[in-house]
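Have a look below at one chain only, the form predicted on its own, in structure tokens format.
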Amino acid sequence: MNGMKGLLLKDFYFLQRHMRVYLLLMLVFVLLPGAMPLMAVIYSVMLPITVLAYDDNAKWPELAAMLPLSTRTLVFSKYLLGYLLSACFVLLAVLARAAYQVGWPLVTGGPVDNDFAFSGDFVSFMLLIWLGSLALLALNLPLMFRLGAEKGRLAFVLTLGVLFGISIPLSSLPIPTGALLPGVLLVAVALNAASYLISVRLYDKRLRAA
């Protein structure tokens, strides 16, 4: 537990020091209408990739091989970082909409604008985006551990393009967002379980070679 806490603190210290502007920009995104909260959540699962790139530049794999930390702990810390960051931005987006719902009539004296309205559909939509972002994380982290973060960035962009290409026609189907959640949840859980096991094997080989 202490090892996992230390790894997460290391990554959060890096983000706080080097990614402060991007984090503030993402915070602004969750406060805006339309698809902006979506962009913040999607970008949040890219942050573990940025941390991995920093680790590679700092020769972290060589140092990690000498530490009393299991490969499973080292790998899962990056998954957990993505889970926590994406969940935080989803929560912030939902809380912002709830605040607009309460505060808008008090400030303007009129009904809340539809683009800022809080609803069950919006919550379901953000949960769907969160699960989709976790699936994206699961597809890409094994590539990062295998190829390194720099080469893996291209794979991330390609995967993101494919997923957007699939989601655009699906978004036009007359299916309630809430009805998609159970299926997407199962897919996200299955992908992350398989992805984690693959990443452990790939990173273990990398550490042995370090």
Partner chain sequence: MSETNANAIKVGHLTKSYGNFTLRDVNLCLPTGSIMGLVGENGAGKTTLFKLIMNVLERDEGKICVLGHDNLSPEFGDLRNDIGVVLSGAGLPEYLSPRQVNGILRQTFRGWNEAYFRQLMADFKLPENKTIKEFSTGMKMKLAIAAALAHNPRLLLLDEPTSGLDPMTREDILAVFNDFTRNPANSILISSHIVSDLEKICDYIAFLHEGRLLFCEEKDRLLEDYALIKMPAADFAVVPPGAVVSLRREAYGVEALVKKHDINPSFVTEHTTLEDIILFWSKGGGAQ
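All figures in this text were calculated on a predicted structure; none of them were measured in a lab. Numbering follows the first chain given and starts at 1.
Another form, the form predicted in complex with its partner chain, is not on view; read the next lines as being about it.
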- prompt: Among 179, 66, 28, 35, which has at least one heavy atom within 4.5 Å of its partner chain in the model of the complex?
  reply: 66
Listed residue that, although its partner chain is not shown, lies within 4.5 Å of it in the model of the complex (heavy atoms), from 21, 197, 9, 190: 9
query: With the partner left out of view, is residue 158 within 4.5 angstroms of its partner chain in the model of the complex by any non-hydrogen atom?
result: no
query: Hey, in the model of the complex, does residue 60 get a heavy atom within 4.5 angstroms of its partner chain?
result: yes
message: Taking 4.5 angstroms as the heavy atom distance cut-off, pick the stretch from 35-43, 180-188, 50-58, 138-146 that is near its partner chain in the model of the complex.
response: 50-58
query: Relative to its partner chain in the model of the complex, which residues of 10-31 have a heavy atom no more than 4.5 Å away?
result: 10, 13, 14, 16, 17, 18
